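Below sits a lone chain in structure tokens, taken as the form predicted on its own.
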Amino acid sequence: MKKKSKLKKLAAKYVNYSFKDGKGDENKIMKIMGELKSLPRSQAIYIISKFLKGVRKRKDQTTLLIESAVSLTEAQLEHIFKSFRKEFVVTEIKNIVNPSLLGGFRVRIGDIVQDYSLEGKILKLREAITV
């Protein structure tokens, strides 16, 4: 049990080492993967799984995911990006079309969701009426 705790901490340390200014450093990641080859197989597999999970989570924290009812133009995406980069480190922007939103958009970065959609406004109105 104690050994797994140490391995988790090592994986977290590697994740932190792999990122600079919110972006993953491919050379550092490759260096880490090379170092992990020298560990016993079971330990290497455990650390690699925790490391990859941490890298994915860190990448999600810097990806601005914009769900909209229709595809947005570059100018619209840039406007949304500018308003969010003041508070967050944004390294990637993705626009997903979701017709069920009816209009507007929903923004997700990491665990934070901000809903500017018509669907979201209708749901808030429904909640306000039923309370």
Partner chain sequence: MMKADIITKIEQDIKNLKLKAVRQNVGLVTEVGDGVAKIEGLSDVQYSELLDFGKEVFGLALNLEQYSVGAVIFGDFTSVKEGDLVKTTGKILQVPVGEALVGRVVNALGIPIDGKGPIKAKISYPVEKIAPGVITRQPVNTPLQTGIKAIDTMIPIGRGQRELIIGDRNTGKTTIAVDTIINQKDVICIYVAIGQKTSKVAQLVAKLEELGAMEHTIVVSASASDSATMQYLAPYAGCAMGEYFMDQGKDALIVYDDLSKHAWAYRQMSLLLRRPSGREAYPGDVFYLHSRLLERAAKLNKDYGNGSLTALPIIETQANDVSAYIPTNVISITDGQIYLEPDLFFAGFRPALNVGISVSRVGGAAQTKAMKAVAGKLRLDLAQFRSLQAFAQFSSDLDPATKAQIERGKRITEILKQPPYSPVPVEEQVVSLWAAINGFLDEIEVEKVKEFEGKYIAYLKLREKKLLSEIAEKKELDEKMIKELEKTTKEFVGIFKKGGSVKGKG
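All values reported here derive from a predicted model rather than from experimental measurement. Residue numbers count along the first chain shown, from 1.
What follows is about the form predicted in complex with its partner chain, which we do not show.
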Although the partner isn't part of this model, could you tell me whether R126 comes within 4.5 Å of its partner chain in the predicted complex, counting any heavy atom of the residue?
yes
Decide whether L10 counts as a contact residue for its partner chain in the predicted complex under a heavy atom distance cut-off of 4.5 Å.
no
Looking in the predicted complex, any heavy atom of F81 within 4.5 Å of its partner chain?
no
Please check if D25 has a heavy atom lying within 4.5 Å of any heavy atom of its partner chain in the predicted complex.
no
Considering non-hydrogen atoms and a 4.5 Å limit, which listed residue (K94, R85, R41, K53) is close to its partner chain in the predicted complex?
K53
Region of this chain that lies against its partner chain in the predicted complex, out of 96-104, 53-61, 26-34, 72-80 [heavy atom, 4.5 Å]:
53-61
Residues in 100-114 with any heavy atom within 4.5 Å of its partner chain in the predicted complex
R108, D111, I112, V113, Q114
